[in-house]
Structures are given as C-alpha cells and as structure tokens.
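Take a look at this one chain, the form predicted on its own, written out in structure tokens.
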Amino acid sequence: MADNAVQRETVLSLRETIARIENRRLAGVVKTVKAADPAGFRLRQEGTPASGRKVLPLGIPDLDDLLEGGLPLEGMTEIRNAQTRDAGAAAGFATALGALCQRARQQKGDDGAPVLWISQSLASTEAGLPYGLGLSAYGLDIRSLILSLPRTVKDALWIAETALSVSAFCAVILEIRGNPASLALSESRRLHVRARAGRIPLLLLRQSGHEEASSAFFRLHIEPAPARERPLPDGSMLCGSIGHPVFHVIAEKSRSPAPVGLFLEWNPHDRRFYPVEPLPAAAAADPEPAHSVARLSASSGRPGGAEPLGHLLAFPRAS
C-alpha cells in the first residue's frame, strides 16, 4: 500500500510539473504557490482567472476566454496551416495580430516599435514574400516593419533569439515551413523562455506543418473561409463583391479540452476582429450566373461504352 501511495504521489508531481511548464491549470488539483520558477513562469492558484502575465484582448469574448484573456504579450503563440495553399490565410492572421500589437504600442506613445518578420528561405520560396502595399492596406504600418530572410532554420532561430532580447520590437513573427528537426521541443522551449524574459510576443508561423509538442502557450490552426459581400450604406449587400477576409480559427492547444473553432472577420480599417457566422455550403459555392450558356459535351450522342479498338499488328512503314 505504501508503494502504491508513493507511485501515485510521483505521478501527481510529474503531472503538476508538466502543467507548470505548459502554464496551464491541472484539473482537480488546488495548489497555492507564492514564488515564480526560474524560467519566469508565474504560478497561480487553481481557479484564479488572472494568469499573472500581460495579454492583449482581441475583442472576441469566446476567443479571449480560450486564450485566458487575450494574445500573450510575453511568450510564444503558434499559428499553423496544414496545407501550402492555406499559407496566405495563416500569414494574414499573423499580420492582423502584428497590427494589433503595433496599435497597442502606439496607444502607449511608442510609435516607432517595429514588427520583425523572419521568413526562412524555404517558407518564402513556397508562399512568397510579404507585399508592402498590401500589408499597409491590411492595417500594418510598414514604416515599422523589418523583414529578415535567413537561409537556414538555424539562422532564423538565432535571429529570433537575439531579437527577443531587444525590447524595441513590439512583436516577432517567425515563419518556418513544416516541422524541421532543428525546431524540436527543446528549441521551442528556449524560444518561449526568451520571449517571456524579453516580454515580447513571439508568433511562430508554421507553414504547412502538423501538430507536434510545443512550449507555446497556445496553438491556433488557421483555415481560409468564404468572405462576405461588401455592405452598402443602406444596409444591403453589394452583389458579387468581396468583403473583408474571414478566417476559420481552430484553437488546438488552449484551456479547452477539445479543439474549438471560430469564424473571425478582419476589418483592416478598424484594425479589429469581428465574429461572423459561417456561410452555408450553398452560399459559399459559386452561384450559377443568370446568363449561363449551356455546356456542350463531347460525348453526347455516343453509346454508353467505348468502341473496341481491335488489334494493332504493325504501323505502316514511312516512305
């Protein structure tokens, strides 16, 4: 009986350590701690809503509740897309978060705090480079944007770790393609600790990557969603137009025990997100135009099966 009690205590202690590393609550455990661990993670009592770290509320109650108050301003948040064709949606969502970080620093009187975007060469080759005029129209101040294009993942990690020690940046975006071996759990842990120590939000933009163990506070899976039509002053919608971008945000790693999906629309003029309802499948598909032309089939009038070709014995000799 004593051995079983010791084993249970060991397992419970291990669960508490893992929960403390991931900075999350452990269900069924109430523990009051008054100190902070060496890595800079502030421990808190179970059930306390305040996590003791700075966050940036996104204005969406459901999303802010999942993120325990908002986007962490001291630590790493992972943003990923599963397929290369969705890289634009993930980059657009990360850009919107960077614009929100810029506005937060501007409201504090720090207008010159830049956003550092680190794009490893393989990621930029597959998905392209950020376009300045497009970013400006999207709500990001490109006068306070620094773009770095390292060749290897190790170089990108070195630049990110160095930048996180400089308090001048309002946000650091690290764009990596896939799940390279040089960015495993230990490297993720080191980046997260550097971001916590430097009090800078780090957005790990994982392009075409799958889920893996990470030290990030949260992991968000981004998928593109159909945009709405542009509203007119009288309240009607401009038929055939394309409105603001819409994202399907799936919180894969959060306080929720199961992934939670939300549909958010980004308004670049207001620089804020708005919750929207998903479009039905019929509305999301391209409607049939009123002036459509009947499509002709090359196989119309033919019998159901293909004609037999017979046996080809030899080609005719060329003269």
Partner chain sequence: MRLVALDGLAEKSGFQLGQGVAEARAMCPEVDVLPADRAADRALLEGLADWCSRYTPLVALDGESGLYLDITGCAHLLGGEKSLLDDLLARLFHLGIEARAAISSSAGLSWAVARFGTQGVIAAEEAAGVLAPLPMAALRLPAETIETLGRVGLKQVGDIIEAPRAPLARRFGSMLLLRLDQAMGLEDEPLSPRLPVASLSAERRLSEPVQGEDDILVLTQELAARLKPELEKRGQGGRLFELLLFRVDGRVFRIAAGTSSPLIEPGRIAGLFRERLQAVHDDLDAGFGFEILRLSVPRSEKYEVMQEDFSGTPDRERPLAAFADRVMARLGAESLFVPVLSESHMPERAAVFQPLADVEMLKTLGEAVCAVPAALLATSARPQRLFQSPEPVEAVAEVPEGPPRSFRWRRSLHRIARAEGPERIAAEWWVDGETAAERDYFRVEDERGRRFWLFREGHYGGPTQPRWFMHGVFA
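Residue numbers count along the first chain shown, from 1. If you're wondering where the values come from, they're calculated on a predicted model, not measured in any experiment.
The discussion below concerns the form predicted in complex with the partner chain, not included here.
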item	value
Partner-facing stretch of 145-153, 195-203, 70-78, 211-219, counted where any non-hydrogen atom is within 4.5 angstroms of the partner chain in the predicted complex	145-153
The partner chain contact in the predicted complex: R228, any heavy atom under 4.5 Å	yes
L133 within 4.5 Å of the partner chain in the predicted complex, heavy atoms	yes
Contact flag, K108 vs the partner chain in the predicted complex, heavy atom cut 4.5 Å	no
Contact test in the predicted complex: M237 vs the partner chain, heavy atoms, 4.5 Å	no
Contact residue in the predicted complex, chosen from L183, L100, I176, A89 - any heavy atom within 4.5 Å of the partner chain	A89
Contact set, 71-87 vs the partner chain in the predicted complex - heavy atom within 4.5 angstroms	Q83, T84, R85, D86, A87
